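The chain below stands alone and is given as structure tokens, in the form predicted alone.
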Amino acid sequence: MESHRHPSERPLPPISVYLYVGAILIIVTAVEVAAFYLDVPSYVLIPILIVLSLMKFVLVVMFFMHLRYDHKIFSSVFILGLVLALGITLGLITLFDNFDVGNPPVAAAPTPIPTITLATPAIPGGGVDPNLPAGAQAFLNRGCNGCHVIEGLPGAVGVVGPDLTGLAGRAGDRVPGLSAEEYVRQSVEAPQDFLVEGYDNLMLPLRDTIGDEEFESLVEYLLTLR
């Protein structure tokens, strides 16, 4: 069957033309990559990259998409869209002054993480007041005051743990079957067993880090908080 070609269409070029165009595209791409990695000022690099990108785009559309051999109306639509897209791109670049190609992006400032200051009663020479009960000293020395509040104990101003003021008066009612002393002991030994509503499991077990005498004094002190 004889093929019919529209009068406005041109015959397709030989395959050698496609090979030449492909070679040009490779060379232009290599120049783009080289220009990007060279120490070229942004105001020079931007126009170079735009021109080379347009050149590749036009070559691909003209030959590999056969626009050069189609009706002229298609070329008109293509040129109109290309000019419009180029104008919008250049307008946005100018508007936002974004000519920093190749420069590392500005890192967002990290959100500061609140820290807990372990406040202890100030005495001459620093440290914990030796006149406090042994259990209160253990409470402060172990940093419990950074998480818990105890009214009347200087430095016990924590905000992330439950208020221990009056603990002994309510400990016996917290878990059925456990006395106040049993509840306090287990809360220190395995704090994850009894979580107070509204607070996360942030406390680390203390029993393995303190001696028997210090542990007993801490429990005894907590049982005086009525």
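Quick caveat, the model's predicted, so the values are computed rather than measured. One rule holds for the numbers: they count along the sequence shown, beginning at 1.
Just so you know, the form predicted together with heme C (HEC) exists too; it's not on screen, but the next bit is about it.
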Quick one: from Leu204, Ala23, Leu12, Val17, grab the residue that has a heavy atom within 4.5 Å of heme C (HEC) in the predicted complex.
Leu204
Note which of Tyr199, Tyr43, Tyr37, Phe64 lies within 4.5 Å of heme C (HEC) in the predicted complex, where distance is taken over heavy atoms; exactly one does.
Tyr199
Can you check 25-33, 64-72, 45-53, 161-169 and let me know which stretch has heavy atoms within 4.5 Å of heme C (HEC) in the predicted complex?
161-169
Leu153 within 4.5 Å of heme C (HEC) in the predicted complex, heavy atoms
no
is_contact(Gly143, heme C (HEC)) in the predicted complex, heavy atom dist at most 4.5 Å:
yes
Would you please decide whether Cys147 lies within 4.5 angstroms of heme C (HEC) in the predicted complex, comparing each non-hydrogen atom pair?
yes
Val58 versus heme C (HEC), in the predicted complex: is there a non-hydrogen atom within 4.5 Å?
no
Taking heavy atoms and a 4.5 Å limit, what residues of 169-187 are near heme C (HEC) in the predicted complex?
Arg170, Arg174, Tyr183, Ser187
